[in-house]
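Next up is one chain by itself, shown in structure tokens, the form predicted alone.
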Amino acid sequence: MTRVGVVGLGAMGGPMAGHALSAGLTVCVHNRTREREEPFAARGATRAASPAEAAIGADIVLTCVSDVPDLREVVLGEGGIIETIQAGAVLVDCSTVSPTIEREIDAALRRRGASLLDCPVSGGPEGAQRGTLTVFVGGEESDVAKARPLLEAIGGTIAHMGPVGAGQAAKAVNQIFLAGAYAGLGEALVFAQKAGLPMERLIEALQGGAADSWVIRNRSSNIVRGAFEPGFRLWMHLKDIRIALTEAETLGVPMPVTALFAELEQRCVEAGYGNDDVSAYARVPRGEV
């Protein structure tokens, strides 16, 4: 029986832990806010008092946290996974962070005989709930094989992109593309509203043509209603875009459109909309920031 430790039970990590249980894996959970562990314990998971305890005896340890400092703390900090992870185990990190920190963590794990797969995901909370996420994977093929029971439980598409760090690079591509998609959606639909177009009919027509996308199908209603419940929080997308811009600078790739979108997202954050869904970018063309 594959044993899995899960650290981080937020909007993405929580459903992942649930799918691992549904797949018949033996699951141990830990979350900084300990109350979030309770529903999983009710389904048969054991609870761990620390990330280190969650990793004891685990074949696979899954982490899903918000940013680099959180990841560094739960893996390399006091009471972290590095203290107890067993030789041969694989850390599957589904956070969206930089390729650099993933390579640093992989090197530390290898000194203990363990290894890392960087596995950022796309599909949002909806995809996490359904178990249909796209998982961008960086790491060794042998480690992908070890982790496959968990990866197939949480994702509908498992895309092995190359060595450690390649998963995060692929996720950066995803976030760069989405920056343009959210900018286009926000500006187009605000224009349509100002023009007095019938919004429901317009969106249905757009879905039948070249403009169709996941973003228009899943986030148009936010803009029409002027209600931006997350979803994927705007501040987190801005964090991801900044990672992408840093990597682009290293690669010598100019990205003026993405840089402009980051500036506009920053204005949304400063105006107090950082915890709204990314589609709250529509507040920019509305003149609300």
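Quick note: we count residues from 1 along the sequence shown, nothing fancier. These figures come from a predicted structure and were not determined experimentally.
Omitted here: the form predicted in complex with another copy of the chain. The next part is about that form.
Heavy atoms within 4.5 Å of another copy of the chain in the model of the complex are found in one stretch of 146-154, 70-78, 170-178, 109-117, which is 170-178. Taking non-hydrogen atoms only, E104 never approaches another copy of the chain to within 4.5 angstroms in the model of the complex. Proximity of G44 to another copy of the chain in the model of the complex falls outside the 4.5 Å heavy atom cutoff. Of the heavy atoms in M236, none are within 4.5 Å of another copy of the chain in the model of the complex.
Put simply, G184 is close to another copy of the chain in the model of the complex: some heavy atom of it is within 4.5 Å.
Although another copy of the chain is not shown here, in the model of the complex the stretch 208-242 places heavy atoms of G208, G209, A210, A211, D212, S213, W214, V215, I216, R217 within 4.5 Å of it, in sequence order.
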